[in-house]
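Presented below, as structure tokens, is a lone chain in the form predicted alone.
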């Protein structure tokens, strides 16, 4: 059992509210739910849509074909008509969005009490919403008999919420950010936790200010995280070098979007792997970790705090728009490690320093400092081996091996269910895991949301193995599992 429901309309018409209402209700009934968002860089007008997929079995992605479409405007049907299944249920007309919530809940066999509960939890315009929802509910009949299953499959979370929870569970004291899609939502997530979790969230005037304010807090002993997207991260790179030489423990949330420059600001890409690895001048240590779902977002954010505090280095959580703004059911609890504080009062400087903290140009002291950083780098590599730096899924003994990273994980997991194929997910970008033996003798298929195969280039750098077969998507959209399955099947041996 698997159903795909598309909610589409102009910005401001409320497809997000409808998607959340149904997604929450399905999750409470025990179904596995996944939904993603596609929206233009507009406040009003244009065309936005959400795709919600649910099943009685674990799912992690959407498909291309639509079972139910909720068209809040005529443009939605025109744009998506080629993806409608033959028996697709079409809901449209000039009704308020809550009218369609009633339609949907009735068609899927819910009781009105289920919808009423969701509307109360929405906590806005309840009286108006429930009247319109009741009208929509009463005008339809049940058309889809859903399989009854047990509830409580897990938490329903977005990647953004995973990052926020990982930070809070690590003892976050302060978060600095400047609004830039798709990193912006974490400002709201963490701001909503300020009183309960005793944290401080501050919006600064620009990304340079964010990075420098973060440094100021971190050197006083506060567990600090800063966040941005690619263009903002560019502005932070001088401060990143300062973190590297001054031994400033900092966690940086880098949420990728389509570039270069402004690019396509509300769409997805995995194009920032190289800048996450190399940004800044000179040679200094850093950690770069790339989660593939909200559970890993919690775990790897937590591990970034662990490395940054223990080794006094910048640690980057490398996410992207698709992961940040998509919602998943998480049946497994994240594994969180204890993070101690390791900041001492001392003189901080952007210069090489002598024993008393003053700047120095003496060759022997410069050598000492550089060699100290090299030693710390080796300690980080050794320390990283206590964590799972990669995961292998699917038919692990297959000669066919898909390799990828980040948010592509979901579509790959769904697409290889019936294929003779294994999937190697790389979670640690820096330090990089020892995977050469896993690749030898395999028919390797690289899958990435970029145009040049950045992970493939990294693998060649680290192992000498050049991956010839590549499935790359770079139109700003995420992979869809049914389309990806065909592409993978065509590359199998």
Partner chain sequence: MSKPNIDTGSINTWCPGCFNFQILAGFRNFLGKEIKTEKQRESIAMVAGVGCHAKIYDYVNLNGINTIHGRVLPTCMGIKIGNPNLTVYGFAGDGDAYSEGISHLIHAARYNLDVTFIVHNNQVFALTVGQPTSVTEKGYKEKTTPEGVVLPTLNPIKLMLSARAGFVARVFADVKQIEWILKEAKKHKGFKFIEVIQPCVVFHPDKGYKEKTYMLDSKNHDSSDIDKAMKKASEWDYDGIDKKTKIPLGIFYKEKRKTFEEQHWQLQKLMKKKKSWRDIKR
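Numbering follows the first chain given and starts at 1. None of these values were measured; they are calculated from a predicted model.
Just so you know, the form predicted together with its partner chain exists too; it's not on screen, but the next bit is about it.
Engineer: Does residue 176 make contact with its partner chain in the predicted bound form, using a 4.5 Å heavy atom cut-off?
Structural biologist: Within the cut-off, so yes.
Engineer: Is there a heavy atom of residue 145 lying 4.5 Å or less from a heavy atom of its partner chain in the predicted bound form?
Structural biologist: No, residue 145 is distant from the partner.
Engineer: Quick one: does residue 348 come within 4.5 Å of its partner chain in the predicted bound form, counting heavy atoms only?
Structural biologist: Judged by the heavy-atom cut-off of 4.5 Å, residue 348 is in contact with its partner chain in the predicted bound form.
Engineer: Counting only non-hydrogen atoms and a 4.5 angstroms cut-off, does residue 239 reach its partner chain in the predicted bound form?
Structural biologist: Yes.
Engineer: Its partner chain in the predicted bound form: within 4.5 Å of a heavy atom of each of 172, 203 and 217?
Structural biologist: Yes, because 172, 203 and 217 each have a heavy atom that approaches its partner chain to within 4.5 Å in the predicted bound form.
Engineer: Report the stretch among 189-197, 326-334, 126-134, 388-396 that approaches its partner chain in the predicted bound form to within 4.5 Å, counting heavy atoms only.
Structural biologist: Among the listed stretches, the partner-contacting one is 189-197.
Engineer: Would you mind picking the one in 75, 359, 83, 367 that has a heavy atom within 4.5 Å of its partner chain in the predicted bound form?
Structural biologist: It is 359 that has a heavy atom within 4.5 Å of the partner.
Engineer: Pick from 263, 93, 109, 209: which has a non-hydrogen atom within 4.5 Å of its partner chain in the predicted bound form?
Structural biologist: That would be 209.
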